[in-house]
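What follows is a single chain, given as structure tokens, in the form predicted alone.
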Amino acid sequence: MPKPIRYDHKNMLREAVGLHGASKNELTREATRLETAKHGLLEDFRKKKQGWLGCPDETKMAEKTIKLAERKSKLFDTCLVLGIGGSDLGARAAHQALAHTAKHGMKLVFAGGNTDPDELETVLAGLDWSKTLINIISKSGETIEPMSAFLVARERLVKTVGRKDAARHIVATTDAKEGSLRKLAEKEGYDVLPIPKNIGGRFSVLTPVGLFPLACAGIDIKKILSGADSVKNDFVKNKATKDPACLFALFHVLGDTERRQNIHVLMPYSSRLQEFGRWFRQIWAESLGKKYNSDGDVVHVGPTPIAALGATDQHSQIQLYMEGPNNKLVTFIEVTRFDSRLKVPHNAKTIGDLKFLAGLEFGRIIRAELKGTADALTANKRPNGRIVVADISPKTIGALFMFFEIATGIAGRLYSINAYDQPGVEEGKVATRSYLTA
């Protein structure tokens, strides 16, 4: 059976881009460290310090999630998803990618990721509350952005359907045992889905955090988990030096620490994957940007991730990547097969210099744009890699999520930092609360 995704790293090597790429000697030298990083990640999973690697195995929770979504889909037309960060970006990314595969599901509407009053009012004003389900997602139940949006949404819901009926319109995805939202849900009688204690928000897309909204939309979450499982199983079985996600992590950490290539660009050539780039931006930045290493020493490490979009950003960012500072590593995502067979009309033959376009499928055009950009970057000694997916389907999206989660976990160990905390974010939260409570 073909793999759902493939990582082509030949243009990350010295043979392709000279001294700006990784050498075979360097990769050989790092083999033991990479294997140690893999072993440490697996040990964290086995000791239940981190649970995200096991998400594809949680079949009972997946069934519970599907059944609840099916029950709610019989009652409501729209699901309002309220979350921020990892409680928002993963579901957004998967929904944008997979909405075309949805069957008999609800319309998803996302809010809570910002406190911009104009944006929130526009979203809420457009809802028919009698036909709307609210999925509030917060592990602690104290995150300002989604919880403040929830309080407004709940008030409007109650005004429309009454307090007694409002509870059946609300599903809380929160901590399994404690927290403000858990207490409120138990008091009010909301349906509740658990966020595992050992899975942080940005690694939670394959838990009910991401899977429940997607199931509500009619997307096959079992196939998402199947794709993730394929990548996970390869990671467990392969040597680290043969595993694509491990190699991705190694190339990027070495590029940052050895060659000052600290800007990491993800550039899918598919508009359906634009939100996926934003999900990557969060998991890479928040996991790897740290002040202290695992020994408590001040190190200030972390690459800067960029979410780009092909072919759009060939005309906005590639000029910089091609001729500006050689401090970037670019990864393209190539889609082998698009759903649409849209073609340029054959009468383009009559338009002078454009006659070569006549009859070409747009899928062929966008792939040529990706390959041409990769070739040009390589010719200019700019390292670049390519992740290839057969199509944009639940299985490949699940595989992409697991690929980058593993790569992030491995990169954290190679940097010798804790990839799972976010003290810088927490510091800002404390300061924000102080202004609001003064």
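From a predicted model like this one, the values you see are computed outputs, not experimental measurements. Quick note: we count residues from 1 along the sequence shown, nothing fancier.
There is another form of the same protein, the form predicted in complex with a small molecule; it is not shown, and what comes next is about it.
Taking non-hydrogen atoms only, T331 never approaches the small molecule to within 4.5 angstroms in the model of the complex.
Among heavy atoms of A149, none comes within 4.5 Å of the small molecule in the model of the complex. Although the partner is absent here, K10 sits far enough away that none of its heavy atoms falls within 4.5 Å of the small molecule in the model of the complex. In the model of the complex, no heavy atom of K72 sits within 4.5 Å of the small molecule. Here is the short version: of Q282, S180, S226, T241, the single residue with a heavy atom within 4.5 Å of the small molecule in the model of the complex is Q282. This chain is drawn without the small molecule; in the model of the complex, the residue among T115, Q96, N293, S140 with a heavy atom within 4.5 Å of it is S140.
Proximity to the small molecule in the model of the complex, taken as heavy atoms within 4.5 Å, picks out 140-148 from the listed stretches 140-148, 121-129, 359-367, 316-324.
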